[in-house]
Each structure stands twice: as C-alpha cells, then as structure tokens.
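What follows is one chain in structure tokens, specifically the form predicted on its own.
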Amino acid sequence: MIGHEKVLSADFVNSLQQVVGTPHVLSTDLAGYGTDWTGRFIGSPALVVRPASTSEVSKILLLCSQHNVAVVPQGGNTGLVGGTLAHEGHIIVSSRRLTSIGAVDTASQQISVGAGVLIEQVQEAAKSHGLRYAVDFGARGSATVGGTIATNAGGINVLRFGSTRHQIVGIEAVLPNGDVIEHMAGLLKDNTGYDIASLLCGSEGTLGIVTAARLRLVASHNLRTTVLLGCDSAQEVVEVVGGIRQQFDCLDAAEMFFLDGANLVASAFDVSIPFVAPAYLLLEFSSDIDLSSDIEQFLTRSQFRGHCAVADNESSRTRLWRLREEHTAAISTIGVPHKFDVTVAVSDLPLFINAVRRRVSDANAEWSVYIFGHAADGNMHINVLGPTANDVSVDEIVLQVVAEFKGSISAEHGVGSAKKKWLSLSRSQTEIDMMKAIKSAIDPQGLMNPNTLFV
C-alpha cells in the first residue's frame, strides 16, 4: 500500500470546504470523534468532514484518492473495538448529516434511509405505520444505520429476525475512487450476480462508505410479554431457553446476565432487582395474544423451580429491561473495561463462561469479570476490569478461550483495530487472503479505514 500523507495540504483542505461548506470541515474539538465508547481506544484525526449527500461523499473520496489521504468512515461512534478512529493524518468522514428518511412502503414493508439515521428513528418511523424494524439494542438512540451495516450489528432480536445483514434489501455506497453504487429497488428476488449489499455489510468501512440503505420491516404485534427468571446457573439458563424455543415461535429475545452485573446496575442507576439469583434469564415474546398463562404453564411442566417476574405493564417491562441494558453503562462507572463480544455454540455457553472466569482469575485474581449477552445465539459480552488499557494479555487469554471452543472473536462490533491481531483465530489464512484480495481490488491505494480488520 502507498504511504499516506501525515500533513494535509491547504489545497486539499480548501477543496473539502468547497464540497461540504467550511463549518462542516472540523479541525478542533474532535474528542467526540476521536474516542470510542469504551474510552480505551483514542485516535487523532487530522480532520472530520461531515457531508450531507451521497454526491458530497463521492467528491470527498475522489479528493482523498487524488491526494492519497486515508479515510475512516464513522457513524454514531458507538463501537467498542477502535474500528472508527483515525490516526496518522487520516480524516474521519462522518455520516451524521446523512439523515434522510423516506416514506414507509407498507406494500413491500420497506423503508429507505440515510446512513446517519439513528436506529431509534427507523423504529419510530416503522411504528407509525404498524410495522417494526427488527434490529434493536441498548444503543438504539445513538447508533446509526450506516454504522450497524458496517459491523453487521445484531442485538437482542437476532434469534427471531436475524442480524442487520438480513434486513438489507437495497444499498447505496461510494467506493474509494468516488464511484457510486446505487441498488435500492428493494427486490426480494434478484439473482444477478454477487450480493454487493451483503459484501459491504460487515466490511467495517474497508471497502467504501455506505450512504443509504433500503431496509426490511416486519409486522408489529399487539402484545409484548416480558419475563425475568432467576436460575441456578448458566446451564439452567441454556436448558430453559432450549425448551422455550421449542414451545414458542414468537420469542424475540433471551438475555442472560448474572448477579454481580445486576448488583452493579442496581447500585449505579438505582434499579430494583425483583429477586436474588445466581443467573438471570430475561425473555421477551411478541404476539397478538397474552402469553403469560402459557409461559407459566410451560415453566410448571418443565419443573422450573426458580423465581419468576412477569411485566404486567410498560413501566414494569422497562424496569426489567434496564437490568440488562444498563450493564454496559454501569460497568463504565467503575473503570475502563477490556470488552469482548464473542460467540460460541449455545450448548457450550456454560463451560465457556466458567473457562473465561477461571482463566482471567488465574492470570490476576484482582481483575473483575462481568458477563452478559444473548443466550439463544451464543453471543456473550465479556468485560474485564483491572488491566490497563494497553495490557493485551487479557485479550490473549479471552480470545484463546474463544478459539478453543471454536467460536468467533467478534459477534457484533467487528474486528476493528483491537482484534485484528487475533483474526486468524476465527478465519483461516485462505479466508483472510481472499478478503485481502477483495480489499485490494476495490481499494488498491489502501485508503479506506487502513487500521481496521487486517494486520
């Protein structure tokens, strides 16, 4: 790859200002763009450029190609693996002004939106037409559509509706040389070659910048039934989830967390815990009927002996969900964690969780481990407090355990810069070479997010 300029020329900066307007080429007060959510990864962007249209993004990338300036695409900057931080004279191209929201197409159950639109805004637009955007997670109010496409974000509803990749029925993007791809018809059947949208989804901004997407919406059911169960162990959680999934086809979410995390949330945000248990399972169903009695009957038949709390209104539902969704924020109140979002087979979760706790404790008994995540798809969020930000020994420990269980080192937030050293734990050399070949063909100058994904 060609080396990138570390000092941006006045001609280049002036050209950027002509494209987007001087107020949208930022060179000071960049802290909000230069530090990711963990606080562990800090960049030093030379500039932040905020385009308002696909045409402006195209002109920016053409200029960057001509001046050999590397580009880091950034959405809501809610990532956890240092995947959208610029260094060495690189610039950030922010999607925050790409906020167009098209009309909801109720016939096809689709909507076209700009990359800077928040997930929560998509959800609200769909809701106003009796529909639903199925991607959901705690950062819905700050994560952008473009960012979730770049990382193929998952969230709490993957077991029923799939990850972001499954919601994309059209894509608009700008390639590193400024060329624009526009494939937004939303055709459910289109077998004309490679699936470009799927290729860009999960590419972490290394192939171009997504500027808009056409998204699939699903039917919104009238009733949500939310249940918190207190279990004896992670093993019991997995067993209950397995039984629930066989019995109910309307299970949206199955979230697992533990007493230590619940206590931390309760202390940090004054959230009440309905009962004390070693492990918790938060279940949510959506249907057109009240499932409370059916769920209680199932638990009785399965001889479940733990505690159970059923939300009987929206307020109690919110309280139960806060116990799970405030984990990330609560952990950040006591330190800067090493964060891992990883996946193993659901059946391996109990042994995997025990192995992670044991290995980390063996390395340093003073380190704290908080684990929570999605019990039905095997994705756990592991947070280790104690090691310094630059101490990667704990990263080595946790990710090696993932590899031993034949899991993935990244389930939702991507590889970023934090995990690229360990990509070979989840991908063969042949796969890595193939990905690099695709990257080289589309981005021969190596300008797009050069510190991410590959060593």
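If you're wondering where the values come from, they're calculated on a predicted model, not measured in any experiment. Note that residue numbering begins at 1 and tracks the sequence as displayed.
What follows is about the form predicted in complex with a small molecule, which we do not show.
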{"query": "4.5 Å heavy atom contact, T328 and the small molecule in the model of the complex", "finding": "yes"}
{"query": "Proximity of T78 to the small molecule in the model of the complex, heavy atoms at 4.5 Å", "finding": "yes"}
{"query": "Heavy atom of G154 within 4.5 Å of the small molecule in the model of the complex", "finding": "yes"}
{"query": "In the model of the complex, T226 touching the small molecule (heavy atom, 4.5 Å)", "finding": "no"}
{"query": "The small molecule in the model of the complex: contacting segment from 137-145, 99-107, 226-234, 274-282, heavy atom within 4.5 Å", "finding": "137-145"}
{"query": "The small molecule in the model of the complex reached by all of P73, E204 and V210, non-hydrogen atom within 4.5 Å", "finding": "yes"}
